[in-house]
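Below sits a lone chain in structure tokens, taken as the form predicted alone.
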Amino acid sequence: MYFPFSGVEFPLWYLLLIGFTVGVCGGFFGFGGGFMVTPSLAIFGFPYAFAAGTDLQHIAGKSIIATIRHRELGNVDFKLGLLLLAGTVPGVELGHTIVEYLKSIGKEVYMLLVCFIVLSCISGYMLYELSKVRRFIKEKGIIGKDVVPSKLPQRIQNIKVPPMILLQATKVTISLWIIIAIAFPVGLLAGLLGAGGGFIMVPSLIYIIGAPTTVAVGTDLFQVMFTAAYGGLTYALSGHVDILAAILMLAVAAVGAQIGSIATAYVRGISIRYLFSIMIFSAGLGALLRFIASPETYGIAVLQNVALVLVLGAALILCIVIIIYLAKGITAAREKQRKAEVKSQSTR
């Protein structure tokens, strides 16, 4: 299919598959999916600036739908989400400025390398923390709880620099300056990588602020809604958005986001974090392979297809796992309700 705004021939089935898969994973993990979509669009020939701008437009619309569902599940801290914008919006503006400069000098492909480094570091830290969780659960005999044994959140909360903000939904009191200090680099990376920033915001809310996993997921989607909209506008004003591609992805992502959001009600926070770490590492590795395959770097063209299979394959597998979690959860809930009804009738 030909997309006139970007001037690119792109397989329609692949675009729709990306949209649905990212919709499911985004609703489940709490990110817009830009770290997946931007490299994936770039793999098939979208200029990087168009890939980033188009992705941000689609993320903004999808995040609205996912946020509405998470709100119904009680997973959104609206106060925290709005305060995060004080840091993310300036960060997005700076990131976009840097991308435009790199484009002007023909070096924008190096953002794929940055993407790999950032995602690998986040994935590695999450797996390290999760190994500590497993030991903690084994020692304490805790089952089924969203455990974060790190002492960092408590230390951060003990920094009493006014104004102090009470976050009732997150059950945390923290300095406003800490929130902004966390949000600004997230916004910067969002602007640089054409992403909503959820791949770093969710771990930050969990491991630095101390938010429960499901609240981190819902709150991040809420702030991504604004961050992506602002980032998408900046790219649109510079003429780097393919609106047709964005609309097509959003149409299928809306359905996927509903599925992923509902699934969080049936999965433990620890399991969500494990799957999240796998997702972001595979996306980062795909970006590295795309960087190596680029004519501007090493020109190993075959790696472009390898990157495609890796990124989309990992996302599809996790998408299927999430749908299975949802199906099992709904079945178990119905069985529990049936047994409760039978017991109620037998006692009459």
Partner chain sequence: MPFNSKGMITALSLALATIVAYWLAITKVGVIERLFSENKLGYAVLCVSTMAICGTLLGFFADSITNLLGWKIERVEEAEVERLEE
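Source: prediction; values computed, not measured. So that the term is clear: the rigid core is the largest set of C-alpha atoms that superpose within 1.5 Å between two forms. Numbering follows the first chain given and starts at 1.
Beyond what is shown, the protein has a form predicted together with its partner chain; the following relates to that form.
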Interface stretch in the predicted bound form with its partner chain - options 100 to 108, 269 to 277, 154 to 162, 77 to 85, non-hydrogen atom within 4.5 Å: 269 to 277
Identify, from the list L127, L237, L166, I117, the residue with a heavy atom within 4.5 Å of its partner chain in the predicted bound form. L237
The one option of A332, I324, L16, A340 with any heavy atom within 4.5 Å of its partner chain in the predicted bound form is A332
Just checking whether A229 would be counted as a contact of its partner chain in the predicted bound form - the rule being heavy atoms within 4.5 angstroms. yes
Using heavy atoms and a 4.5 Å limit, would one call A211 a contact residue for its partner chain in the predicted bound form? no
Taking its partner chain as it sits in the predicted bound form, is I68 near enough to touch it, meaning that at least one heavy atom pair lies within 4.5 angstroms? yes
Is I64 part of the interface with its partner chain in the predicted bound form - any heavy atom within 4.5 Å? yes
Residues within 4.5 Å of its partner chain in the predicted bound form, restricted to 241 to 280 and counted by heavy atom: V241, D242, I243, L244, A246, I247, L248, L250, A251, A254, Q258, I262, A265, Y266, V267, R268, G269, S271
Superposing on the rigid core, is the CA of F10 displaced by 2 Å or more between the shown form and the other one? yes
